[in-house]
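This document opens with one chain alone, in structure tokens, the form predicted alone.
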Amino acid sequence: MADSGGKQEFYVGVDLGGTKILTGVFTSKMECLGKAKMSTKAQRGFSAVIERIARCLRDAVDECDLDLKNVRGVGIGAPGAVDPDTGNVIFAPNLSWKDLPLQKELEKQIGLPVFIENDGNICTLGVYEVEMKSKPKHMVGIFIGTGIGAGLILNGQLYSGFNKTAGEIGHMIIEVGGPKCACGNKGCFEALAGRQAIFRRIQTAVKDGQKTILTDILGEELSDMRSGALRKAVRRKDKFIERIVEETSVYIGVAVANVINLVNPDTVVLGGGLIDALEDEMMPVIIKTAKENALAGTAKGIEIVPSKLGDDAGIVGGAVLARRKTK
């Protein structure tokens, strides 16, 4: 295994989500040596989640036969509005967190330098630097997970805006008076196309008598529904789930068109668990809808592509952030 005589430097990336914590250990060349995963259990409160992040991080380091002292820094992507300068989470609706010192508390637990950033920004950074080799000049990353995260790279730099919260594409209001979002508003992109929103739509329809293969796969309550279950249903030609996936793809396509009209990036990258599971079904609809809804001529030559990093974009981006900050 890696020589721990101080020659090699290692970085840990942490993806903190509403449902799971994923950690990965990386070399300075951004090769992943090992990972660990744990459920978030946000309902247990802030301190409990910090302890779980620390445990998950130690597990990943241990998995690689390394010690915490071999790690130079930790980069963490947190959902919601984050202040990277203070290391505080300003507001994370999916965790019910408000003004909490994530960086400080995690540093206390693990004794390493910790750097935090919004999860959408972190995923975008990972895709941009590792997958796209920093080639696009202007890139937007959109990640469809429990919620929807996004990030903007403008002129090759992560753009965070006046209050450090730029890129909250998940909270663009796409349907005025639409379904309620965890952020408190109605009709947000996330409340229409995030995984949580899709599952709620399916559960409501099933309660109203809609038939779907998913009840055979997961039981009548449809508990523990994940993107993989949707893929199984689609592969088995479940007409209802096919329709839900198509509707979701149209919402994503409309959001991409809005982003093209606003930012005009050369590249739009789509990632996250949902795209990972249903790329073949969703991408053609997303691209077609985006091109139909963007202002005539504005989408010409713009690449709309799926990320190959899949669910690892967050940990890769976390490691990239840690490497940048400890340079």
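Computed from a predicted model, the values in this text were never measured in an experiment. Don't overthink the numbering: it's just position in the shown sequence, from 1.
The form predicted in complex with another copy of the chain exists for this protein as well; it is not shown, and the discussion that follows is about that form.
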Open item on the list: Only one of 279-287, 264-272, 29-37, 45-53 has heavy atoms within 4.5 Å of another copy of the chain in the model of the complex; I'd like to know which.
Closed with: 264-272
- [ ] Have a look at 203, 109, 210, 185 for me and say which one sits with a heavy atom within 4.5 Å of another copy of the chain in the model of the complex.
- [x] 185
Task: All of 233, 238 and 310 within 4.5 Å of another copy of the chain in the model of the complex, heavy atom check - done: no
Open item on the list: Does any part of residue 163 reach within 4.5 Å of another copy of the chain in the model of the complex? Heavy atoms only, please.
Closed with: yes
Open item on the list: So, residue 254 and another copy of the chain: in the model of the complex, are they within 4.5 Å at any heavy atom pair?
Closed with: yes
Task: Non-hydrogen atom contact residue 72 with another copy of the chain in the model of the complex at 4.5 angstroms - done: no
Open item on the list: So in the model of the complex, is another copy of the chain close enough to residue 131 to count as touching (4.5 Å, heavy atoms)?
Closed with: no
Open item on the list: With the partner left out here, which residues of 123-157 have a non-hydrogen atom within 4.5 Å of another copy of the chain in the model of the complex?
Closed with: 138, 152, 154, 155
